[in-house]
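In structure tokens, one chain follows: the form predicted alone.
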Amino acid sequence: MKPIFDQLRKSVSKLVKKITITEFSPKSIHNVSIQLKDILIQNEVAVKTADAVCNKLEEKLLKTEHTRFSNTKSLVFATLREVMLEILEPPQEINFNQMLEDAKKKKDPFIIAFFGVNGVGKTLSIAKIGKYLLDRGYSCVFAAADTYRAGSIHQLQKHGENLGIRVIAQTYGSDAAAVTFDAINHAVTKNIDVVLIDTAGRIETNSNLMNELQKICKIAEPDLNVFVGDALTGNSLISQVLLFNEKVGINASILNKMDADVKGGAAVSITHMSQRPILFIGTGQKYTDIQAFVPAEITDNIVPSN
């Protein structure tokens, strides 16, 4: 498997290695910035995010102390790494494990609702988080609140069976908010630590379904609303997360298919555009193919160390 963001990493490295300027000036720095912006956009970084990266880079380089004998390539690399890290670390950070621990101490079920369009791996992501929780000693229950597709209920039940996690479900077409209510009551009664709510994939034109999402949130009052997206969908991912953020309020994201994302624009853009952190990245189809999103590690995959 190629390193994630392989194409973006190679393009950035190639650009910086081409730098021949011996002394920074507004003009020389701007020329580098223009080329960098083209590379970012070609690798599916949103235009607004590309602008933010380039503006931050120019600002920092103009303030950097250097001499004519300075290694300009190293300075650009180091500064770009700093900028990328800032972009990937949004202002609203979330300590997921600490939130779980705090909720368990209070003996209140920790409620997580998952949102996203169909086909992005939302239900599998819920199963992966379920496995993640079990491995850390937390009990959990799944709420099959995607009642618009009978197949999704069956899919979640199959994951629950594989993992030994109870699934609260009703029949196809039933009230999704009622399923959510039942799952939370079950968690309270059985002293279960975490409730994970699956929801139907939504599209912007279906206002009824969006209204139902809002109803689920009103009933459940989730501790976390998590958007699940597919890294390979490029810029459409941004419109999706912004839509869900507008309708239900997103606290964090899970980004799937990161193992296949050679461009990397989705991860760079989603944190900047939504101002919400990525909690986890999905890297395969196994329940264990999920890992915490660490901005420093992602930066290493985008900007070479030298």
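Numbering starts at 1 and follows the sequence shown. If you're wondering where the values come from, they're calculated on a predicted model, not measured in any experiment.
Keep in mind the form predicted together with a small molecule is missing from the figure; the text below concerns it.
- For the residues 164, 91, 137, 119, the 4.5 Å heavy atom test against the small molecule in the model of the complex is passed only by 119.
- Note on the partner interface in the model of the complex: the residue among 56, 272, 257, 247 having a heavy atom within 4.5 angstroms of the small molecule is 257.
- Judged by heavy atoms within 4.5 Å of the small molecule in the model of the complex, the contact stretch among the candidates 111-119, 166-174, 213-221, 78-86 is 111-119.
- Using a 4.5 Å cutoff between non-hydrogen atoms, residue 201 counts as a contact of the small molecule in the model of the complex.
- The closest heavy atom approach of residue 209 to the small molecule in the model of the complex falls outside 4.5 Å.
- The closest non-hydrogen atom of residue 100 lies beyond 4.5 Å of the small molecule in the model of the complex.
- Remark: residue 149 counts among the residues lining the small molecule in the model of the complex, judged by a heavy atom distance of 4.5 Å or less.
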